[in-house]
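Two versions of one and the same chain are coming, encoded as structure tokens; call them structure 1 and structure 2.
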Structure 1
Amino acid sequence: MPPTVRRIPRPTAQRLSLYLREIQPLIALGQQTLSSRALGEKLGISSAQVRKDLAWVLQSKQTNEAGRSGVGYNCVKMHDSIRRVVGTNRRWSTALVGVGNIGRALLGYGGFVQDGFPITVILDADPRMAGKRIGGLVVQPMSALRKAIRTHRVTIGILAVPRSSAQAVATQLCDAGIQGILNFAPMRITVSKGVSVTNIDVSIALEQLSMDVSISNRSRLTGEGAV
């Protein structure tokens, strides 16, 4: 066994999604190639960084020579390779739990299906919601959770319930064999071993923003040139 197979660095993984966002419209426009410099400039990232990142996704398939010296990267090949690593080359069935405002906003945004994350099951704790049809799907009662997840081969749960029930639902999802949870509840949830969690927390995002603004204000005062 070679020393260790070095996993993809977290910062790289985060940038890969950004790269996809930039490449997609270029492909739609018919652009053939894109240089690391050009891609980096759009995102405020150095060209060397972009090349290092891409090395992670291109090295896997050695025949895939998306990058050519003096030319740049083939947009389509690069896009495909990144998608393979990100996982959006295949479909991840998702189950939406909670059809409040957040849930409805997610259903209203059709982009997920296109991005590889179709919502195939909708559940809600409110008995009055059960049976209602929203966006082509019938809302299931919570009692149907386990079976629905199994039969639809759902791998990702989208947790859009109030804070008070978030942990209980998360546990149910884990017990039903989910592999990942996208958590909109403004709290840390505890999950079974092997289950991944990504949080979307508006308050935390606002706090991050307020720190950035404070720093930006401070350096404006002291005259330091912030990027």
Structure 2
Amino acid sequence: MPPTVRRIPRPTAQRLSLYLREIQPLIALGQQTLSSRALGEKLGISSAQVRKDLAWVLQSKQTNEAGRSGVGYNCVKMHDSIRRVVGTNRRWSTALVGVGNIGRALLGYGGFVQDGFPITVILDADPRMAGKRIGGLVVQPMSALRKAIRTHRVTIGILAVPRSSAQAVATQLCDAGIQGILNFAPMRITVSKGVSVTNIDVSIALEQLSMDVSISNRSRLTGEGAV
């Protein structure tokens, strides 16, 4: 049985998103085809890996565009096919919970609408925020969460709340029918069966970066001190 979209490995899915970022400006420039080698070189990925990733798109029955030897892939067809696989060919109504520093920064990012993830609902637990207008939307109290999600047919929730309230809010989102959560709270949350979670922890990313830099520096110093 051929693999389905849901069975695509997470690393492959992440690379498919990167491919979209590279292909889109090429289409805008009028480029018609792109080889797996050229795409791989842009991202530091082998051409074999690119072909393997795009084979998942073909096997998912979202396209019959397999690429041609010596020519490459049709940019428009490949772009549209990948969008169908990752789901960005449709609009995903999104709710943002928490309008603190992170929440406001997310509201100011215009790319969500362009990528198909318009924020249609914003909520906050602070009663002083209720009724305020931010980025064209009115902040609603948490008591309105369930009704707002149903009214706006929200599928994805963005969690930008303090660690202390993250799990409680995540549970509320799940109970209200959310299918996916993008979690910016610095903790792992437990969700209902069938709800997907992606955790964005900036501190962990910085710690990983500092470790890489430290190892690189130690290696350089050891090399300079070698006789």
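Residue 1 is the first residue of structure 1, and the numbers go on in sequence order from there. For clarity, a rigid core is taken as the largest C-alpha set superposing within 1.5 Å between two forms. Predicted model only: the values in this text are computed from it and were never measured.
Only structure 1 matches the form predicted in complex with another copy of the chain. Fitting the two forms on the rigid core leaves the C-alpha of residue 17 displaced by under 2 angstroms between structures 1 and 2.
Core-based alignment between structures 1 and 2 gives a C-alpha movement of 2.9 Å at residue 210.
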